[in-house]
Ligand SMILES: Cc1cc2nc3c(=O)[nH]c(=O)nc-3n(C[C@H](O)[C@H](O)[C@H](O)COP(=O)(O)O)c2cc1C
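One chain comes next, on its own, written out as structure tokens in the form predicted on its own.
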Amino acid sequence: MSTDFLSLLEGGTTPLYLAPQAGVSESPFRRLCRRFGADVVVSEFVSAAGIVMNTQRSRAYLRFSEEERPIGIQIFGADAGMMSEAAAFVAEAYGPDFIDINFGCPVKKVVKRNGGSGCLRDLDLVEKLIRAVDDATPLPTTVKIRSGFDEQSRDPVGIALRCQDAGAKALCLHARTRADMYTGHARWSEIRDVVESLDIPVIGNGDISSAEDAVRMRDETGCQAIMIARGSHGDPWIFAQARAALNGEPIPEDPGVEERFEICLEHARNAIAFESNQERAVTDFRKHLGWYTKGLPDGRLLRIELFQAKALEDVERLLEGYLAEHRGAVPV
């Protein structure tokens, strides 16, 4: 599988990635995005320490189905021994197509443990971690980075070159610093600079919210693949639209409200089936309900009710009621 994965990146078709996103890119959403045309998916990021210590929560994040391939498992940590052991276990027990290392997460609780983008403060550590993971498994090791920890340390090309030298087989750049979090605009010119400087494939990430954005990123940066994160929230069909645009084909229209709700319910049913506790699954799914109903007439009132739902039947009833009340007022 891993050979096919690398060939996909080098085939000139600009594969589309679903980004690793905590609490979002769970297996049900990954499967849905694959159905809509995502070429590669990546797991939520998983703590190497949690994997090694065999915590139930960490192991739950590692589950995936064959229909999700090619898939990467993304791990994070700041201890080379722990990262090596975690990577070896994941490769042996789960057999993903690649292991991805998270050097991009800006969340405080991760950074304070020197994980995620916190590692970018010590590029010697970054190299050490990549080598440890790459030596531990025959699978390709890929990395996701930001442009630096802050504006003073901003050096995407320098960071990327060190990742490549340490053994990374592909690199994704989210062209913001950790200090930027998700504010402002991603500097796509930095993605172009990294593409021009590296010999390995580069995946561009940041500010892809439409099919047109995907085409513009490809044309402006020359990246070999494109990663979509927040643009997929409540909008898994963005992958079908982006693929059509990249291929020079007519872009499919957004689904009408009735079809959108059908997709939402498919997602919800799969999420509940994936989680043993139905009420907790519905509670966790509320964020997706908010995204799927964003921009609808009277959507705020609908969301207030949806955010109180405790069972799938509640969600189905509320969506059916909305359609009945607004039929003729919204495109279906």
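For every residue, the number given is its place in the sequence shown, counted from 1. It should be emphasised that the depicted structure is a prediction, and the values quoted were computed from it without experimental measurement.
What comes next is about the form predicted in complex with this ligand, which does not appear here.
Contact with this ligand in the predicted bound form, judged by any heavy atom within 4.5 Å, is made by just one of S84, N102, T221, T141: N102. When this ligand is considered in the predicted bound form, only one residue from I228, A245, A136, A225 comes within 4.5 Å through any heavy atom, namely I228.
Of the candidate stretches 202-210, 252-260, 123-131, 162-170, only 202-210 contains residues with a heavy atom within 4.5 Å of this ligand in the predicted bound form. Of the heavy atoms in Q74, some are within 4.5 Å of this ligand in the predicted bound form. The closest non-hydrogen atom of H233 lies within 4.5 Å of this ligand in the predicted bound form. Shown alone here, T13 lies farther than 4.5 Å from this ligand in the predicted bound form, counting heavy atoms only. Contact annotation: V24 falls within 4.5 Å of this ligand in the predicted bound form, judged by heavy atom distances. Annotated contacts: C33, H267 and Y292 are all free of this ligand in the predicted bound form [non-hydrogen atom within 4.5 angstroms]. The partner is not shown here, but in the predicted bound form the stretch 17-46 reaches within 4.5 angstroms of this ligand through a heavy atom at A19, P20, Q21, A22, V24, E44, F45.
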